[in-house]
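Have a look below at one chain only, the form predicted alone, in structure tokens format.
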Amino acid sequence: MRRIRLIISYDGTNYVGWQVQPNGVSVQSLLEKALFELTGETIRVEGSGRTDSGVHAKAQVAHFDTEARMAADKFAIAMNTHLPRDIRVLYSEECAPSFHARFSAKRKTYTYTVQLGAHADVFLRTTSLHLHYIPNIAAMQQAASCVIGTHDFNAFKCADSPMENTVRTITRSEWTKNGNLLTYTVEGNGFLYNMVRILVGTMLEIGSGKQTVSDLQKAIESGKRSDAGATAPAHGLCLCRVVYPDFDTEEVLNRD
């Protein structure tokens, strides 16, 4: 039995998320279907995280076990011939049996993109949230800095999430503006269900004057979901990087 590691990119618009769901088509289910068509094996594909419905990925990491003799680096090309065009396997290699896409991960980076202006760009409609006004970016940047460090993020998870350990360490949290695009970048050792979207929603409310930076700090301290802001829509969110002790998606994808 061999373990194969993948880097996968996908537009999440048409899917119910990463994880297999009874109510629609998921990215995981299509990857497993492609592998069955290639190998004849019923294979479970494990991802680094379960992105929600509508969320995208530039560098999702996954692994699977197989007895197929195909060269490891050929799985990417072969799988893509069995996948829709909005899902691409960018890289494949054989890895140690001890590697686990989820449990071996040390850091992840997400971005959330906001489009500013009176009229939305139709070509960005599925990958960014449109705002017709210019928010207070300085206040949002101040709020973002409050997130850095080790905190209990209980207030920033979906209310019905069963997750018990809600302490996470955030090493990067910042907003950047390029033209009419405003991007939030956050890196940490892990994220709770809906955590990034709730952080973004809270900061956007700060940017619009509905909340203050102190309100975000209060939410961190209280741990109450009601003290945080709304959950930002899924389509602006993208998983961009996953780092392991011996494997970094950004380094791999930037190789010549």
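Keep in mind it's a predicted model, so treat the numbers as computed, not measured. In this text, residue numbers run from 1 along the sequence as written.
Only in words, not in the display: the form predicted together with another copy of the chain, which the text now covers.
- Another copy of the chain is not drawn, but in the predicted bound form it has a heavy atom within 4.5 Å of N80.
- The closest non-hydrogen atom of D248 lies beyond 4.5 Å of another copy of the chain in the predicted bound form.
- Contact between R197 and another copy of the chain in the predicted bound form is not found at the 4.5 Å heavy atom cutoff.
- Taking the partner from the other structure, another copy of the chain in the predicted bound form has a heavy atom within 4.5 Å of a heavy atom of I87.
- Put simply, of T166, T185, T127, Q142 only one has a heavy atom within 4.5 Å of another copy of the chain in the predicted bound form, and it is T127.
- Looking at 213-221, 32-40, 200-208, 50-58, the stretch with residues near another copy of the chain in the predicted bound form, meaning non-hydrogen atoms within 4.5 angstroms, turns out to be 50-58.
- The putative spot formed by S9, A76 and A120 is fully lined by another copy of the chain in the predicted bound form; each residue has a non-hydrogen atom within 4.5 angstroms of it.
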